[in-house]
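Read the single chain below, which is given as structure tokens and is the form predicted alone.
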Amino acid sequence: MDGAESRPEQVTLILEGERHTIAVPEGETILSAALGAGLYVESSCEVGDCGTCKLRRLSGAAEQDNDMGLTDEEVEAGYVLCCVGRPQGPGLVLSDER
């Protein structure tokens, strides 16, 4: 097994004006990693339907299993649902500022 395959991605979350960098292991959601790091990200359904955990993407890329909780405008603006979102490569920065 190649060690690089299991290396977690570093994700920066800007929550209430404070920057936090967390490690998100492959296959884990951003919300799960944030909660595991002791950060509070508002959430509710945890399946991508409600939109409560959306954060605005400032840079980088993320994939989502489901984006039903986002409007078309939010998808176009780069919002990510943390409960079903996973980083796709380095440099993902998300913010709770609307």
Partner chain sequence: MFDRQFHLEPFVRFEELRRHRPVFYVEALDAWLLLRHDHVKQVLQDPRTFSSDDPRWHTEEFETAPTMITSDDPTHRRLRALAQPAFTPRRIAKLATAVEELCESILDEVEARGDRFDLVEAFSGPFPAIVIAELLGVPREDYPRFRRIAAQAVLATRPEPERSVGMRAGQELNAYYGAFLRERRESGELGDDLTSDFIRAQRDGAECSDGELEAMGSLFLIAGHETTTNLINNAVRCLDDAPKLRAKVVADPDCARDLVTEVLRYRGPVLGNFRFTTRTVEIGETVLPAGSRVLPMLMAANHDPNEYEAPGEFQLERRAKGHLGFGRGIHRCLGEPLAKLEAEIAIPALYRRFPELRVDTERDILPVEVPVIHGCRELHVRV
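Predicted model, so just to flag it, every value in this text is computed and none were measured. Numbering follows the first chain given and starts at 1.
Another form, the form predicted in complex with its partner chain, is not on view; read the next lines as being about it.
Participant: Name the single residue among L58, C45, A37, A61 that comes within 4.5 Å of its partner chain in the model of the complex, judging by heavy atoms.
Facilitator: Of the listed residues, the single hit is C45.
Participant: Verify the contact flag for D72: yes if a non-hydrogen atom of it lies within 4.5 Å of a non-hydrogen atom of its partner chain in the model of the complex, no if not.
Facilitator: Yes, contact at 4.5 Å.
Participant: With the cut-off set at 4.5 Å between non-hydrogen atoms, does T52 touch its partner chain in the model of the complex?
Facilitator: Yes, contact at 4.5 Å.
Participant: For the stretch 79-98, return the residues whose heavy atoms include at least one within 4.5 Å of its partner chain in the model of the complex, in the order they occur.
Facilitator: In sequence order, D96, E97 come within 4.5 Å of the partner.
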